[in-house]
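Take a look at this single chain in structure tokens; it is the form predicted on its own.
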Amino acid sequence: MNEFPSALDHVHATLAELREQGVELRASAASLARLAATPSAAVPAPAPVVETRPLSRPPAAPAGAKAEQLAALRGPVLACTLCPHLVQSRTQVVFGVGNPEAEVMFVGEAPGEEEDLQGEPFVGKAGQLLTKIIVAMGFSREDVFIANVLKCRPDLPAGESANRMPKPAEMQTCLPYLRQQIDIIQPRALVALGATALEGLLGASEPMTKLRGRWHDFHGIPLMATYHPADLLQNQSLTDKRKVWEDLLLVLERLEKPISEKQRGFFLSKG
């Protein structure tokens, strides 16, 4: 029984499969000549010498644009039910907002009442101050990305309206969502707003006085810690405002942004 035709079919199928995998197939002229001279009913000649080399292709495209990846992540985050007590009390999940291509990303601790109602982080009084700080740095809210460690407003006992700090266990449950956002955006610098946010990110529980003004590392991304804008609203000290600004000047230097003399002089005593 002549098995050559079926063997040839197998060779053709294999070569086709290799090409689909991105392998370019080249046979020598002598091999092609021997193959052409072989009768189909005869015993096959020696197999042609096949040279394989990668096809010339453009660089592989990313799995998806950053905006598309964030959009794909938004659905699962908004539908999250990992913390049943927060699901019952929240108005909506606060995913985060800003530029998917942001060079700098600001991270707070958790949404407050206004954020819970509007579904956007830092829109209350502290958020308005943060916006002014961002503008003073030479950015706009549309240039940066703003998010929280905890995506839901921490629940409160019945009858209470103040905001509470998120618990470490709540932040650890929600942290994977923030890490995915950071992995997608890949900012050149992170800014942790307040000691609670830094604790959620790094597990550090030291006072902000010991943590601010120096660089930390969050999975390879430089992280600067500074006071939360709400702290500045409660304490109008020019000294504390200057400390925050000095932290952010370090961020601008890290990003290699131009810094004017006016910017360097913000919140310095005129005396």
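We number the residues from 1 along the sequence you see. Only a predicted model underlies this, so the values are computations on that prediction, with no experimental measurement involved.
Same protein, other form: the form predicted together with uracil, not shown, and the subject of what follows.
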Study note, to complete from the structure: Assert contact_stretch over 132-140, 113-121, 180-188, 97-105 against uracil in the model of the complex, heavy atom within 4.5 Å, equals 113-121
Point to revise | uracil: the contacting residue among His228, His216, Arg212, Lys241 in the model of the complex [heavy atom, 4.5 Å] | key: His228
Point to revise | Within 4.5 Å of uracil in the model of the complex: residues from 238-263 (heavy atom criterion) | key: none
